[in-house]
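One chain is shown next in structure tokens, namely the form predicted alone.
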Amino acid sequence: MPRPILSSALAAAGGLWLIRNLHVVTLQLPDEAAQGAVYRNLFFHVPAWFTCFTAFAFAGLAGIAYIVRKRMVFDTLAVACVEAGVAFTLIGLATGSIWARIIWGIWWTWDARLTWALITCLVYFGYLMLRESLDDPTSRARISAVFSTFAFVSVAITYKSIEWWRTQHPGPVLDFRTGGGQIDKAMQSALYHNWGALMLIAAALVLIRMRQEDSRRELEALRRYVHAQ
């Protein structure tokens, strides 16, 4: 299936799934006993972080694949995944700040977990800035591949920080090792459904950005050819 059609299909499926999830979250699930209605922020906050973690993981794997295979398609996939990951990281930070303003009375605190999440976001912004500073496509792809591979260490720290540092930030609501968590099964199901919807939207964004990156690389090659004449 051509990329434009596939990306449109994924975006449409993700959008429809998200609408279905909004109906469940807002109209079917009850308020949480301690937090009230604001806990519904959780159904966007946590899936956004899981989605960005997944995107950054694929970027790291694509970086390794480029180092091994030296094929530009892996560089294209890596940068597309990083950009999608950064977008969902910003969603995670924004929804967390909204929740904190209502529950804690502040928009931000330099809690260890929050700080490391911000560091991860800045690390991948640095990746994108690094790419823009490199003109040679081969050097850009090679250096970016190494960067994205090691940058995933920051993602792993962000993910594990909920277990490592017992700070102001709440503990994990899901436990993938046991299949359980700290929330009701119906709420847990809604959370997973929203994660699935965001993953489809993220996949659509990645495909769109890959197509754009391919076009950019072709344009750069044409410019180099014209300048060489």
Partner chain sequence: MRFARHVAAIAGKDLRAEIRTKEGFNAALAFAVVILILFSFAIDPTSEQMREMSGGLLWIVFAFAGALVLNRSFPRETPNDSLDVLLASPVSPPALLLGKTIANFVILIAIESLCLPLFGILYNMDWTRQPALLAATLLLATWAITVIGTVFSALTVNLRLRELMLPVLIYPMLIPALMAAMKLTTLLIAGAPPEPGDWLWFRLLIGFDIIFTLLAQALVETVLLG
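Residue numbers count along the first chain shown, from 1. Worth saying up front: this structure is predicted, and the values here are computed from it rather than measured.
Although it is not shown, the form predicted together with the partner chain is what the next lines describe.
Engineer: State the residue from 117, 123, 86, 79 whose non-hydrogen atoms include one within 4.5 Å of the partner chain in the model of the complex.
Structural biologist: Spelling it out, the residue with a heavy atom inside the cut-off is 123.
Engineer: Of 145-153, 71-79, 106-114, 91-99, which is the one stretch near the partner chain in the model of the complex, taking non-hydrogen atoms within 4.5 angstroms as near?
Structural biologist: That would be stretch 145-153.
Engineer: Taking heavy atoms and a 4.5 Å cut-off, does residue 161 contact the partner chain in the model of the complex?
Structural biologist: Output for residue 161 is yes: heavy atoms within 4.5 Å of the partner chain.
Engineer: Are any of the heavy atoms in residue 67 no more than 4.5 Å from a heavy atom of the partner chain in the model of the complex?
Structural biologist: Residue 67 belongs to the contact set for the partner chain.
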